[in-house]
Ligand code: SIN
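Here you get one chain, nothing else, as structure tokens; it is the form predicted on its own.
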């Protein structure tokens, strides 16, 4: 019998190396009672423990774990955003890292994902995932979401798609995805145009690609200084008190969560117009949850110096406005171009 040792070219290629960065959240949460899915403490389970309950990960990728933070994501800060984005860019610049997965709380996941979508400077996959049930719960959803996120990050088709969110077998673009339920396992959707694809049983299938510029195609970079941008809401009987106080406090930008198509109560509109006349950037978004805010042209936005958020919700509009202002964007024309582009 003639036996031959396989050549190096014939040997199986090594599995991709994926960095898993943990930041806390429900996926790392624990409660004393396995039936308790609300009264738990977020961020107490380490990244090593999260990985240990998903042995199938070893068949998908070589994992490089790192604990970046251990917080409830309701407490996410711009300082932690800076740390996370800088660490991701450093990792992806290394030849031995093929992609990054971030475990995150669900409360602010959509904001972090969009921030990274605009500031990561690599074509390598970056995938966020999370859980609606703590790690200690019966039928915890975190382990499968983590496995699916690593599976997506290790897949060639994920490269160049910008930052992704893998959740409940769906793959979403960071720009489109929002949290839509306070309790359901299927808590994340892309209401306006749907998910990019799906992941199940090791299979990854993209149905469409991201069109708007992202990652390496943006001018945005993470820095230490974040412009002060706040969000105000329009509702029945709203006063101008909050806007006036924020302008006095030195805010550089205001995003208004308007009714319907970004419409604004008259008293609030007067306050925002005064703010814009003082150089404060004003962006109209909608509190509705889906759809897009149409620019009103000379009849309103042009005359008042307001900017339309398009299909971005108020929280993502705040992220883009902060980055645009930090990049030197000034005036409604330049800022509107940023919102129309990204």
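This is a predicted model, so every value here is computed, not measured. Positions refer to the first chain, counted from 1.
From this point on, the text means the form predicted together with this ligand, which you will not see here.
Exactly one of the stretches 36-44, 275-283, 54-62, 302-310 approaches this ligand in the model of the complex with heavy atoms within 4.5 Å, and it is 36-44. With a 4.5 Å cutoff on heavy atoms, residue 123 does not count as touching this ligand in the model of the complex; it lies far away. At the 4.5 Å threshold, heavy atoms of residue 80 stay clear of this ligand in the model of the complex, well away from it. Contact annotation: residue 97 falls outside 4.5 Å of this ligand in the model of the complex, judged by heavy atom distances. Of the heavy atoms in residue 72, some are within 4.5 Å of this ligand in the model of the complex. Only one of 190, 168, 106, 119 lies close to this ligand in the model of the complex, with a heavy atom inside 4.5 Å, and it is 106. Contact with this ligand in the model of the complex, judged by any heavy atom within 4.5 Å, is made by just one of 228, 265, 212, 179: 179. Residues of 255-290 include none with a non-hydrogen atom no more than 4.5 angstroms from this ligand in the model of the complex.
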